[in-house]
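What follows is a single chain, given as structure tokens, in the form predicted on its own.
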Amino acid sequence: MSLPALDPGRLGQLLRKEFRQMLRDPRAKRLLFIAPIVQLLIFGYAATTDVRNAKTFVVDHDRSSDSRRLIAALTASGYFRVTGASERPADLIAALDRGDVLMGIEIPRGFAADLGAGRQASVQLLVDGSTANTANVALGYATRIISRFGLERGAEVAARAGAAVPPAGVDFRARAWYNANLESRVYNVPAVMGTIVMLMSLMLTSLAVVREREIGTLEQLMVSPLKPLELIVGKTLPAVVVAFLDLILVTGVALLWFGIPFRGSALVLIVSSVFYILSGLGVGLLISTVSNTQQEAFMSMFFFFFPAIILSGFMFPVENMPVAIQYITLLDPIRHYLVVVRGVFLRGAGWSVLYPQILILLVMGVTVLGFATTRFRKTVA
């Protein structure tokens, strides 16, 4: 079966009309090319799980040089900031109940004496667990700092006493690959890029087509000599170009402003991004076939967009979701694209590693766009 021929003249005029309509309004230019950069700058800083200057309440019953050194070690790390102190444990509990602090530390009497005698010293940490992720991160930071302080202080006591420090049974050395400083921004910014590109792809097709239907210009195009396929190509091709330009812009911001490493192949990113954009355009085109107003299209777009973000693994690891939900996430193009973009940026992964996700994006893009095109042709035929 032969494909219907496209008339270059008619298609060229339609493409010219689409680009002029898209770019002639200064507000549209800001929405298309400035808004993605602003979104990446805001979300790049906001989407972080790092803990910095966490408010800490201290109850120091020992009031010794060792207890002060321990508090100094916590604050010197930059992770914690002492905002309150008292001799009464009830004040610590009250501060946690009010949400004034994230963590409380209580140092008992005899803390320095236990360290000096080589005995095990105890410290109590209380963390506000209402924000579970932040509490786990803060607790992990504090535990490592206190453990390191205990080892260093124990080595000092043993050296002063002339006793040999017993060798450790296991030489444990942790090393983080791909993100040596464990900065959440390095992991999150590429994901923000993927969500912004999907959002722009949805908006470019769903709202644009419905807007033309509202003002009556779509009916004028339907009665013109344009074939349905030419109308579809003329509507989607400019959106592909603009979405790809947005991808270049946000990639430049990620590299030059945030300093996100790019260790992979640009070709892998380009090919997978094209397939990803096609899937977004297909969903947007499908929304345009079931929406009569821009408000209806806008609501339908976010009805797809928000669940897609939650199921993509952007905020919550897919592996932690119930098994049934994990199977549902396989239908989410954002999930597969985040695997690609993080792999290309952070690990330098290539075709041999990412080909399953790239193939899935290709199948999704062709299937969704083809189905949406069929429905759209029926509405304009």
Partner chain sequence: MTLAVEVRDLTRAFGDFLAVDHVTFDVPEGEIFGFLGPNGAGKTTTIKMLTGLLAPTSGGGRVAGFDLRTRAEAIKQRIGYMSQLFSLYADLTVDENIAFFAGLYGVTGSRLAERRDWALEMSGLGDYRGRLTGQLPLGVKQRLALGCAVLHQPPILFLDEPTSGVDPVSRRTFWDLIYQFADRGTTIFVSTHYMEEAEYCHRLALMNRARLIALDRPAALRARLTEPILEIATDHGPAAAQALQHAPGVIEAAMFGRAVHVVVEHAASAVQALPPFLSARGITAHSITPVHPSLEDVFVSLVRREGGVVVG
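Residue numbers count along the first chain shown, from 1. Just so it is clear, the model here is predicted, and its values are computed rather than measured.
This next part talks about the form predicted in complex with its partner chain, which is not shown.
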(request) Indicate whether L226 is a 4.5 Å heavy atom neighbour of its partner chain in the predicted bound form. (result) yes
(request) Look up in the predicted bound form whether L14 has a non-hydrogen atom within 4.5 angstroms of its partner chain, and give yes or no. (result) yes
(request) Considering only heavy atoms, tell me if L221 and its partner chain come within 4.5 Å of each other in the predicted bound form. (result) yes
(message) So, E183 and its partner chain: in the predicted bound form, are they within 4.5 Å at any heavy atom pair?
(response) no
(request) Using a 4.5 Å heavy atom cut-off, indicate which stretch of 207 to 215, 294 to 302, 110 to 118, 250 to 258 touches its partner chain in the predicted bound form. (result) 207 to 215
(message) Check for me whether its partner chain, as it appears in the predicted bound form, comes within 4.5 angstroms of all of R10, Q21 and R24 - heavy atoms only.
(response) yes
